[in-house]
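Just one chain follows, in the form predicted on its own, and it is written as structure tokens.
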Amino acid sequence: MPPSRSSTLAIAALVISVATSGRTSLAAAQDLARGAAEYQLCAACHGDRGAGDESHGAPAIAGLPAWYLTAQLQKFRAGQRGYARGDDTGLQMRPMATSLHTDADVADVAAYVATLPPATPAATLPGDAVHGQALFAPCSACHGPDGGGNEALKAPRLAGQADWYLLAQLAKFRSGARGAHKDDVTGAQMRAMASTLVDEQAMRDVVAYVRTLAPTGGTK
């Protein structure tokens, strides 16, 4: 008995679905391959596995969510980050970001870095984690009580990040070297929060507490 029209259509739909799925998987693989190739320039500072390097002022970026990596690369490309005199590492990073010529380039390298296993940098700074826990309470509203981040609030994961980098960024937010650009909405929000930390010791204490959080959880 010849197949009915409905069964023929169903089979055709299945074939199209499988073929489309195969093309999507192939495209995703190609994007990651392109991202890996694009990342070779980044590796000079961030390391082959994205673990970061303090001597270059390069943070650990392995395993950070692609949405956050994309947003920061776009901010560098647009001049919303790496614009301030005195922000040496930001000024170094901006031309690296502009070497990614298209949005697709940015998306590919961000997708690749997000696949790398998260790094666990060693502690380098002293601080009072108990006092820092109290200071971190307002931060947890966006970054989460576990420091895992929240995409809906555009708050990155903090847990697992190098303490020297966290301290440097808090200092930049407080000084206006980061977060003062008129188009950097999330940076402006963070600048206001960083300003509630009254001095460097307060920043060191909150960073010391963040160091106690496991680099898991959160909303990627």
Ligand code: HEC
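The first residue of the sequence shown is number 1, and the count goes up from there. Values in this document were obtained by computation on a predicted structure and should not be read as measured data.
There is also a form predicted together with heme C; it is not shown, and the following applies to it.
Note which of Cys142, Ala111, Ala129, Ala123 lies within 4.5 Å of heme C in the predicted complex, where distance is taken over heavy atoms; exactly one does.
Here the answer is residue option Cys142.
Even though heme C is not shown here, does Ala78 get within 4.5 Å of it in the predicted complex, heavy atoms only?
So Ala78 does not count as contacting heme C.
Met193 within 4.5 Å of heme C in the predicted complex, heavy atoms
The answer is yes: Met193 has a heavy atom within 4.5 Å of heme C.
Quick one: is Ala159 in contact with heme C in the predicted complex, heavy atoms, 4.5 Å cut-off?
No, no contact at 4.5 Å.
Using 4.5 Å between non-hydrogen atoms, is Ala51 touching heme C in the predicted complex?
Output for Ala51 is no: heavy atoms all beyond 4.5 Å of heme C.
Indicate whether the candidate residues Ala36, Ala107 and Leu116 are all in contact with heme C in the predicted complex, with contact defined as any heavy atom within 4.5 Å.
No residue of the spot touches heme C in the predicted complex.
For the heavy atom contacts within 4.5 Å of heme C in the predicted complex, list the residues of 162-177 involved, in sequence order.
Tyr165, Leu166, Gln169, Leu170, Lys172, Phe173, in sequence order.
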